[in-house]
Structure formats: C-alpha cells, structure tokens
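As a starting point, one isolated chain is supplied in structure tokens, in the form predicted on its own.
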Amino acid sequence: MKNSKVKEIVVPAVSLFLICAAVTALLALTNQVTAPKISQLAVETENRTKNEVLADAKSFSDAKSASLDGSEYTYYEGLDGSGKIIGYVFSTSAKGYGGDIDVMVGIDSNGVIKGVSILSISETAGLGMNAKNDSFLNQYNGKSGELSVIKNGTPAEDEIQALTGATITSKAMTNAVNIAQNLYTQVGGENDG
C-alpha cells in the first residue's frame, strides 16, 4: 500500500519536473534566437525617432547621459553636415495614468521644440492613448520654456490643451517635455545658438 502512495506522488512530480524543464529550455532557446532581432528593432526605432523629432540633423552623437533630480536621462547631440551641434534629442519619462510614458523630444539650438514622439505608453484606450495623435503632439512644436496644461479655453504660448478625459496623461506628457527642456538648459543648449 505504501508503495502505491509513493508512486502517486513521485510519478506526477517527476513528470511535472520534466515538463517544466522542457518548457524552460524551449523558452531559453526562443529568447536566444529573438533577443538580437528585438535589440536591432529597438535601435532602428530609436534612430528613426531621433530623425523624426530633429529632422534638420544630418547625424547624431553617441548616446550621452545627464542627471536631473536624481534620475539619469539619455540624450544625443544633433549635428549638421559639418559636425556643428544644431540641437539635442532627449529621452525622458513621466508617470501617466496607466504607467510611465516614455518620450523623445527634439530641441533645436535656440531652445525651440522641433518634435515630440512617444516611445512607449500604456494609457486608457480612447482617452489617454489619444496622446499618440499628431493633433496632440504637434501642440509642442515651436514652443520653448516651461509648459503647462489647460483644460478649457485657448492655450497661451506656454500652454498645452489637455486631451478630453485624459488630463493626467496630458500633464505627464508635458512633464516629460519639461524635463527635456530642463536637460537642454543643463547640457549647455542655451549656449549653442
């Protein structure tokens, strides 16, 4: 009788262990095969986004980092054909309603925002996800200095019109852009123009 009880426990346990080992091995193999492709796509997306937010740049420096309020951020110098700095691209992040919103912001050598692009966002569908729309993102273009968000009325030069039903997302986006502008000042961008 005891031998039967041992079989009831050991056989399923060994079977489960073997299944788990096989699945783990397959997952490791899949990761090994797909990891380089995922890394390559991330680099291609980053390069394409840099060109979108600072279209006048002919090339970009290697990644550099800057610290602001205890956080590290990555930025790139945008260069013209002769290698002169014509602007910067900053990767920043701010806490939105559904999690962190990662953006890339292009700022020219005069401190003017040339473009904003979202790298990752997980906001509410139909509300916060509207931050990806050009009609919202284009509000930042041509602005400089600290920006704020308004819910109603016509935005002033230093204001962004909030998305309907997504004020938290709008404020997070604007915070991320403001971080980029503070980094611009910190890395010496105000001295380029």
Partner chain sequence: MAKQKTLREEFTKGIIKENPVLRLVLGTCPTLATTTSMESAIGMGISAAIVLVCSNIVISALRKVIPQKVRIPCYIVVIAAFVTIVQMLVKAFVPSLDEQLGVYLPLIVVNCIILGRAEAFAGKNSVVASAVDGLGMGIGFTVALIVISAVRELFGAGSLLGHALLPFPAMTIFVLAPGGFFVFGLVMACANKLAEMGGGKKAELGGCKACPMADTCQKLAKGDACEKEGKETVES
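Positions refer to the first chain, counted from 1. Keep in mind that this is a model prediction, so the values were computed, not measured.
The following text describes the form predicted in complex with the partner chain, which does not appear among the structures shown.
Quick check on residue 15: any heavy atom within 4.5 Å of the partner chain in the model of the complex? Yes - in the model of the complex, heavy atoms of residue 15 and the partner chain come within 4.5 Å of each other.
4.5 angstroms heavy atom contact with the partner chain in the model of the complex for residue 85: Residue-level check for residue 85: no, no contact with the partner chain.
Check whether residue 150 has any heavy atom within 4.5 Å of a heavy atom of the partner chain in the model of the complex, and answer yes or no. Judged by the heavy-atom cut-off of 4.5 Å, residue 150 is well away from the partner chain in the model of the complex.
If we define contact as a non-hydrogen atom of the residue within 4.5 angstroms of the partner, is residue 37 a contact of the partner chain in the model of the complex? Residue-level check for residue 37: yes, a contact with the partner chain.
Which residue, 26, 156, 63, 43, has a heavy atom that falls within 4.5 Å of the partner chain in the model of the complex? Among 26, 156, 63, 43, a heavy atom within 4.5 Å of the partner chain in the model of the complex occurs only for 26.
Out of 47, 133, 141, 30, which one falls within 4.5 Å of the partner chain in the model of the complex, going by heavy atoms? For this set of options, the contacting one is 30.
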